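Quick setup: one chain, the form predicted alone, written in structure tokens, and binding and motion questions come after.
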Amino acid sequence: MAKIAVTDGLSDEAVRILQSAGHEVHIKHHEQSEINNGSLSKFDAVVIRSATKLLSQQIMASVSDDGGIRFIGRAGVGVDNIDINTATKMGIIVCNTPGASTSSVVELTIGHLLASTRHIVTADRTMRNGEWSKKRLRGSEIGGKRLGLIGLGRISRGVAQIARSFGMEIHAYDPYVEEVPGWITMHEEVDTIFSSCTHISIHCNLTEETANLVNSSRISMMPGIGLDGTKCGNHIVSCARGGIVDENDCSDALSNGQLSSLALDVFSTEPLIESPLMNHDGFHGSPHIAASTLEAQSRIGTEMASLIIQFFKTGKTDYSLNNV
């Protein structure tokens, strides 16, 4: 049976499932320096989240002459912290759990969008300071506005369906999708999303192509006036990956009024300790909690446990991110 390292946590239910199948589970965070020195090479599999990085150096250090890691599991969606090409060359299979947290991320995205346009966070902050800012905190409805989606995967489509039920007109940019519902207007260029939409939600992976995709140039294209003629301002939400949104440019845009609100669950550097964004009432954030619900963590864990059990029983899985 397999010896499994769980570096960033896993649900109790998933651990029980793995142990019941005869696997040995070790729950301990490994620092990057420890991984570089081969701390994972005594394991057959490793399950990580976003805190652990398995790039080329760490992956090569995880394989020893007499064995080592054969399975990398990303308990979640994003895999920019894993060098899949190196893993493939080393004969290591890589799996994630792309559908398990979809509903949770969709709900937080919509929550951030509504909180932005209705000043919910600012209202709470000012009330705690003894202020009654009823006249100042006049918001706008999301109905009758255009929502631009950057990326059109599972989460983005879930956001689109809910936003549509609020009366939003849905626009999207994703050069990698083919089948799209007729009620979504697709764009061939990302710039036209920004020039058409007052509300933008980010749903793509962090790549060289998407790094700092949201920047001052594109924010300046946003119209500020909704499809219904309301001067609703410009609003951006991201629960995708840190680094897609240029946080300094967004801070400047909040200062000069080009951006009315920015809501982020992910940041270029995490944890976020100091940031110019903290100086703006129009900014609110959350500490990378989009998938942090009881339901999502249960689904992520049990799905990952099933993949591990299947792999060490048959040598393959129904789903993986690489061909080994």
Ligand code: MLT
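What you see is a predicted model, and the numbers here were worked out from it, not measured in a lab. All residue numbers refer to positions in the sequence shown, first residue = 1.
Separately, the form predicted in complex with the named molecule exists; it is not shown, and the next lines address it.
In plain terms, the part of the chain that comes close to the named molecule in the model of the complex, with a heavy atom within 4.5 Å, is 48-56 out of 276-284, 25-33, 48-56, 256-264. Although the partner is absent from the chain shown here, R74, R241 and H288 each have a heavy atom within 4.5 Å of the named molecule in the model of the complex.
The named molecule is not shown here, and in the model of the complex it never comes within 4.5 Å of any heavy atom of G153. Although the partner is absent from this view, G144 stays clear of the named molecule in the model of the complex, with no non-hydrogen atom inside 4.5 angstroms.
Proximity of G158 to the named molecule in the model of the complex falls outside the 4.5 Å heavy atom cutoff. Although the partner is absent here, G78 lies within 4.5 Å of the named molecule in the model of the complex, judged by heavy atoms.
Residues are counted as partner-facing when one of their heavy atoms sits within 4.5 Å of the named molecule in the model of the complex; in 9-45 not one qualifies.
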